[in-house]
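Just the one chain here, laid out as structure tokens, in the form predicted on its own.
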Amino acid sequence: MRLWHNPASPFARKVRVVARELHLTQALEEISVLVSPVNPNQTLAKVNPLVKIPTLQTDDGVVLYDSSVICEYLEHTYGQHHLIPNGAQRWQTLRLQSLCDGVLDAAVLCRYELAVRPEAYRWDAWVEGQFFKINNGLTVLNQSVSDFGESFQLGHISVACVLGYLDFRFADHAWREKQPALAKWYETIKGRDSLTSTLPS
């Protein structure tokens, strides 16, 4: 399999963590590419018409995107419900992933606004609106920590990628001060090999 990614992408990191939790690193060729909303990567465009990462090409030559679909494929093919459980827990896991994907969407949009858009055209109120979503999501995650248990499934991987991205791109946001239960949980899991080996720098 081949995975197009960038180490800074939290969505790609989620897939890379899943691959490591499923012991697929030897079966996965990771291809690091640069992507930009204003300068599409022409090489990636030949594989993914949306020119987005992560993008996975299976051993059968099928190309999959986005991160949630890729994670579902890897779990379904290799995980045997290790990361996405059956029954009612499945929907809890996928709901948690969806919440985290929404938080990351808002965070990445803020990153683009602040780092890519020319300063004269930046819209502060729009950024504040995105951070409203981020903070709401973090509050729900903080309230949900007691339900996480001892497992480390796809939903928990998604939470870890959210917190890692905020530390990476928005270190001054100081999310730990308002979300102490979430911060305590993160301290217990952030040393996992799958997370330390994919940490953006």
Ligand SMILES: N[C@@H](CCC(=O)N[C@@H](CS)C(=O)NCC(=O)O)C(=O)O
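We number the residues from 1 along the sequence you see. Worth saying up front: this structure is predicted, and the values here are computed from it rather than measured.
There is another form of the same protein, the form predicted together with this ligand; it is not shown, and what comes next is about it.
Q: Tell me which stretch of 155 to 163, 62 to 70, 169 to 177, 133 to 141 has a heavy atom within 4.5 angstroms of this ligand in the predicted complex.
A: The contacting stretch is 62 to 70.
Q: Do Y112 and this ligand come within 4.5 Å of each other in the predicted complex, heavy atoms counted?
A: Contact check for Y112: yes, within 4.5 Å of this ligand in the predicted complex.
Q: Is V35 close enough to this ligand in the predicted complex to count, meaning some heavy atom within 4.5 Å?
A: Result yes; V35 sits at the interface with this ligand in the predicted complex.
Q: Counting only non-hydrogen atoms and a 4.5 angstroms cut-off, does L94 reach this ligand in the predicted complex?
A: Contact check for L94: no, nothing within 4.5 Å of this ligand in the predicted complex.
Q: I'd like to know if L56 sits close to this ligand in the predicted complex, meaning any non-hydrogen atom pair within 4.5 angstroms.
A: It does not: once this ligand is placed as it appears in the predicted complex, L56 has no heavy atom within 4.5 Å of it.
Q: Within 4.5 Å of this ligand in the predicted complex, counting any non-hydrogen atom, which residues from 4 to 28 show up?
A: Heavy-atom contacts within 4.5 Å come from S9, P10, F11.
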